[in-house]
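There is one chain below, alone, in structure tokens, taken in the form predicted on its own.
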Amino acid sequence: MKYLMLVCVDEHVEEDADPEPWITEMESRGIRQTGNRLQPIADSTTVRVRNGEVLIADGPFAETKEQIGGFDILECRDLDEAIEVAAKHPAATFGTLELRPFWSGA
């Protein structure tokens, strides 16, 4: 089953967590298909359409302390394996990892 793993962190918190060992292990297991870090939230743009009007705003929609700092696409046997993989990610010790399954066939 394919999962999107969102890596949510407080970008104001400095962490020295090196994800390379996690990436190497998950790629060698055939689990991690791709992933990347994201630019800071100050570089984001929010787009909504209301009553046919396109509304554009600078910055993120959600007003939370933690923001999406990166993502990985995982191919796992099931949710249990996805949880095991997420728990090994270094950001799990200071941020939040959100797992979302893709619709089947995606």
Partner chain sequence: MTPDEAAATAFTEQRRRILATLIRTTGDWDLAEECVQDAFERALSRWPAEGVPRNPGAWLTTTARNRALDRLRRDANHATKLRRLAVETDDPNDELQLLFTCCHPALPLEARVALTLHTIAGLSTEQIAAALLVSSSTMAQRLSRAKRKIRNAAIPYRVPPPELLGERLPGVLAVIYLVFNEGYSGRQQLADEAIRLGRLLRHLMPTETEVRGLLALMLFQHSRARARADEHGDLIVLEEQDRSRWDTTLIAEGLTLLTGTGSPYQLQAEIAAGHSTARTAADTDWPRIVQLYERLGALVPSPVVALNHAVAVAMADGPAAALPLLDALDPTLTGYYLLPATRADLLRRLGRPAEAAAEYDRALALAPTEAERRFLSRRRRSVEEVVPPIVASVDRLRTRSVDDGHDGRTH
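Positions refer to the first chain, counted from 1. Owing to the predicted nature of the structure, the values given are computational and were not obtained by experimental measurement.
Another form exists, predicted in complex with its partner chain; not displayed. Remarks below refer to it.
- In the predicted complex, every residue of the candidate spot (R77, D80 and P101) has a heavy atom lying within 4.5 Å of its partner chain.
- When its partner chain is considered in the predicted complex, M1 lines it closely, a heavy atom lying within 4.5 Å.
- The partner is not shown here, and in the predicted complex the stretch 33-50 never reaches within 4.5 angstroms of its partner chain through any heavy atom.
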